[in-house]
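Shown here is one chain on its own, the form predicted alone, set out as structure tokens.
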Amino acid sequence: MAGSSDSPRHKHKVTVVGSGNWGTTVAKLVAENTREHKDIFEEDVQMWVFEENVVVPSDSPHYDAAVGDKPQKLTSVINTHHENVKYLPKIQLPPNVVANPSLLDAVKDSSILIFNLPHEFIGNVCKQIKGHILPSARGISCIKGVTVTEDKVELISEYIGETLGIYCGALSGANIANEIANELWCETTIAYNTPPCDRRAENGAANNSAEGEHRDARGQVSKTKLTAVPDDYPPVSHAELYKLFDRPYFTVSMVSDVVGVSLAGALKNIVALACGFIEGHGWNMTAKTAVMRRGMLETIQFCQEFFPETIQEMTFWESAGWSDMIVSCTSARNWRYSKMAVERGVSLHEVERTELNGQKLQGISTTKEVMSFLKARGVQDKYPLFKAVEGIVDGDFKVEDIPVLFRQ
């Protein structure tokens, strides 16, 4: 058993599952840190890439006239030129980002898995890698949102953890991928509640006497029976995750409230729709701030009503809380397209159909799911802003009804 004078025999292998705009950005900053902390992490960072053919643009510095417009494998382009020319063009990636088209090979023997792909794909990805990862692996979900049905609210991080039999935290904040990739400074929040089985004794060995069992988002003993991070690996705790993610241009704040970070990242999409409606109607910034204030109150109320055992109100003062809401309500696409709908005098569904090239506005689905959950419990009237947004999306309310609804 490793003692205080022994260095762990293994280092953490890191895999980023996903290679879109945000996934590639996270792979970049993580790979910069694995090079700087070689005592903790293996230098190479695997990045799973859904393989596709791409054509390198003629204005790209990587354009090869001999190849011309002939399609090339995206993984080959990334590994040769260290640039994701399709999803993060003109950003140089560290050479230790290794694009891998095989999902199973990318996650093999990885002890830290970072999930960063559209939420609609996470179920299929988890099914594919289940039983093919280290039992003691730990995860971080960079996927904003939650899954809400009439029966329950499920955190994406908890879905990942329960499906794979591991513990998974969450990263969220006022983060815009292209800005971070260009190393423009911002903050983020990582929520990670180190499982009792992973808490080390003073000599660095696994603390087998650590009291308590791993608990779920509602404070109940989790059905997932975790395998502890072995003694011959460095710990996975706030200190190690901070070193993995924090950069001079990407300030990390570590918290333990996975519920607050996850729900704030989801519910702010409803508030962003409301702010877009307000601005499209011609009301000013003071009206928008009233909506943001009410939206944050309802967000906190929702968390306290349905997750009272684990929620920590200070979480909403983190980047994942107020900061993310402000950015979402002033510049993100839920705000942008709801504003456009009111300005054009058409429904939000019509804007979604004509402007998003088949993609969906997450704010619409989140509103529908959350309101179905609230209606199933008969408490929808306690959430007048959420109710107003659903009514405007469905055409039952007008934007000018919002102040009246607030008074009810």
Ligand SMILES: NC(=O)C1=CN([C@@H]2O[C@H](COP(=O)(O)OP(=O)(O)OC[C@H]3O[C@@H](n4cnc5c(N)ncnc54)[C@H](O)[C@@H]3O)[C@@H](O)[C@H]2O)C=CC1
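The structure displayed is predicted, hence computed values, not measured ones. The first residue of the shown sequence is 1; numbering continues from there. Here the rigid core means the biggest group of C-alpha atoms that line up within 1.5 Å when the two forms are laid on top of each other.
There is another form of the same protein, the form predicted together with this ligand; it is not shown, and what comes next is about it.
Interface residue among A217, C142, A106, I78, judged by heavy atoms within 4.5 Å of this ligand in the model of the complex: C142.
Interface residue among I176, V85, V252, V255 relative to this ligand in the model of the complex, by the heavy atom within 4.5 Å criterion: I176. With the partner left out here, this ligand still marks one of 32 to 40, 61 to 69, 46 to 54, 371 to 379 in the model of the complex; by a 4.5 Å heavy atom cut-off that stretch is 46 to 54. Although the partner is absent here, W317 is not a contact residue: none of its heavy atoms lies within 4.5 angstroms of this ligand in the model of the complex. Put simply, T194 is far from this ligand in the model of the complex: not one heavy atom of it is within 4.5 Å. Mapping the unseen interface onto this chain, L117 counts among the residues with a heavy atom inside 4.5 Å of this ligand in the model of the complex. Interface residue remark: G358 is counted as part of the site for this ligand in the model of the complex, having a heavy atom within 4.5 Å. Looking at 244 to 266, no residue comes within 4.5 Å of this ligand in the model of the complex, counting any heavy atom.
With the core held fixed, N334 shows a CA shift of 2 Å or greater between this form and the one not shown. Relative to the superposed rigid core, the position of the CA of L361 differs between this form and the one not shown by 2 Å or more. The two forms, fitted on the rigid core, differ between this form and the one not shown by less than 2 Å at the CA of D44.
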